[in-house]
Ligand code: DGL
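The chain below stands alone and is given in structure tokens; this is the form predicted alone.
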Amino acid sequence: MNNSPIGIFDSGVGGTSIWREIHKLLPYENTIYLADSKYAPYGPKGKNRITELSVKNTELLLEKGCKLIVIACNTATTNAIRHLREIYDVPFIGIEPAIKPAALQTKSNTIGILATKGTLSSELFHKTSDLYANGVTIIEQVGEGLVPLIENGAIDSPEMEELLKKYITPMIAANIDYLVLGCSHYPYLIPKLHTLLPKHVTIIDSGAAVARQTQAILEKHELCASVTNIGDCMFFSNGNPEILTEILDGDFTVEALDF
């Protein structure tokens, strides 16, 4: 069981930003990544549909023998992780916006969050905000249209720049000093965001924290790989596998799979 893979799923290619951090911290672990691009984005879908999709992905990863599952999707975490933990007997690790560090470190007392509608409207997000950001102004912005552009390989397109300017300008006007990325697709936009934001604004995403939590849970359950070879990394997509291959810089093979 220890050398069984870690399963990771997202509503498309964005969760590879989480996979990268896990693979960097835990290079000996085997991993399987599912890009559920056919149904991206999850954000506008209701809680029941998001849960159905999360169950579908979990079932496939369990069929492939995964010992632990990382939900590399903010929307799926905030809407479905409780249900998944109730019905499956493997550890689950979720991802949610890093509101806590931003709220604790802000000097301007104003932070921005760019996330999907499904994340910003979720109960878990509001609980986290109430717990850690009391007295801090949070400028919330739904990143409508960003995920489809990333899924279509249009990160450097004029459309992307136009949308980011539209979403970021009000945050700059409100004097944010931290921008929290609340979608695992969005770290791929960091270079572009740096060109639009003032230099004093710090961008925070959850990737490294999720990797550390993965390591902690593996150790807690005595599931760490017992080998010292670089782990096998398998990637599956039910969308265009070439987009995922491009995101991975062509270093890995992506298999098209209908799921």
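Start at 1 with the first residue shown and count on from there. Remember, predicted model here, so these are calculated numbers, not experimental data.
In what follows, reference is made to the form predicted together with the ligand, a form of this protein that is not presented.
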Is residue 122 close to the ligand in the predicted complex, meaning a heavy atom pair under 4.5 Å apart or at it? no
Hey, in the predicted complex, does residue 93 get a heavy atom within 4.5 angstroms of the ligand? no
Under a 4.5 Å heavy atom criterion, is residue 41 part of the interface with the ligand in the predicted complex? yes
Is there a heavy atom of residue 113 no more than 4.5 Å from a heavy atom of the ligand in the predicted complex? no
Please name which of the stretches 125 to 133, 100 to 108, 184 to 192, 154 to 162 has residues with heavy atoms lying within 4.5 Å of the ligand in the predicted complex. 184 to 192
Assert contact residue (the ligand, in the predicted complex, non-hydrogen atom within 4.5 Å, options 80, 171, 180, 147) equals 147
Stretch 74 to 97 - residues with a heavy atom within 4.5 Å of the ligand in the predicted complex: 74, 75
